[in-house]
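The chain below stands alone and is given as structure tokens, in the form predicted alone.
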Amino acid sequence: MARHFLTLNDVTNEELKNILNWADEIKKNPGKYSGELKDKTLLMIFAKPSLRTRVSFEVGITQLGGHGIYYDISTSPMGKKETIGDTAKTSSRYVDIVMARLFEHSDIEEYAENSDVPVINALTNFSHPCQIVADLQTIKEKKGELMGLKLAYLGDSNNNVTHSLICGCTKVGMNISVGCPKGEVFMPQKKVVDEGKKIAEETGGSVTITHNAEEAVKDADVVYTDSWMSYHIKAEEKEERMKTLMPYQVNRELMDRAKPDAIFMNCLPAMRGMEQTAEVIDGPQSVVFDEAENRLHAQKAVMLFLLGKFK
């Protein structure tokens, strides 16, 4: 039975830590793994635009000795003329592994249920596990450890990145503090928060939800934010959302409330003057491009793990 990676809960705490160690090793010694996936084919299914996801996965499979196929489902019968299940059953007869960047999380779950090969979630409306593996790799690089660190996430928090950060941080024993406006529109889903708190009881981490940005970021080792205008947000909502979210903008004053050596992260793309100021994202504490690079190494580790090359 194929092993899938749809959320970070698809791996154990120990497996996540191993994947991070492998990602570090791959980054340091890429040539050592250049033939590990020789003659393997990765199908890359895209329903959403992408820069980092497409390029990092295609380069990754190529550097491992395999081949990537880009498949834009805007020109596909998947989910229209043909069911998602039938698409999965067919494609898994051709390829060795699949990554999919879809809108609805239920769609990738349906695809995985019908696939005979591993399926990687490269982003849905609920979860973005590959991003968080790269984030944790970056934090570990910069701080030397993960256990006991505090990550402050600020802004719109009812999204895939926040959900996956809550899961990922607690799995490695970190403390995550989410600062966001009140209400279901902006707060992380309750089931995710409850699950994160349960994991934290085992690992020594913690989950805090606050509506005070200064409280969220106080003494943080990592300050993180993400787009205020996700793909599903209508353009006409921008002005009202900016008014609501502006108190959570990561600016110099807010960064100064974190630890002096705190790092700033954003999974990109980023809008200067919205979720963060240019002074912060282009400043010395920003590691956003190291974070973006690590998508390549982290995803290589995930592919090798799912295909049984790492145990």
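Nothing here was measured: the structure is a model prediction, and the numbers come from that model. Residue indices: 1-based, along the sequence shown.
Although it is not shown, the form predicted together with a small molecule is what the next lines describe.
- Proximity to the small molecule in the predicted bound form, defined as a heavy atom within 4.5 Å, singles out one entry of 51, 59, 69, 242, which is 51.
- None of 43, 268, 274, 281 but one reaches within 4.5 angstroms of the small molecule in the predicted bound form through a heavy atom, and that residue is 268.
- Stretch 51-59 is the answer when you ask which of 51-59, 281-289, 247-255, 26-34 has residues with heavy atoms within 4.5 Å of the small molecule in the predicted bound form.
- Proximity to the small molecule in the predicted bound form holds for none of 140, 297 and 310, with the criterion being a heavy atom within 4.5 Å.
- Interface membership of residue 103, defined by any non-hydrogen atom within 4.5 Å of the small molecule in the predicted bound form, is ruled out.
- The small molecule is not shown here, but in the predicted bound form it comes within 4.5 Å of a heavy atom of residue 131.
- Although the partner is absent from this view, residue 94 stays clear of the small molecule in the predicted bound form, with no non-hydrogen atom inside 4.5 angstroms.
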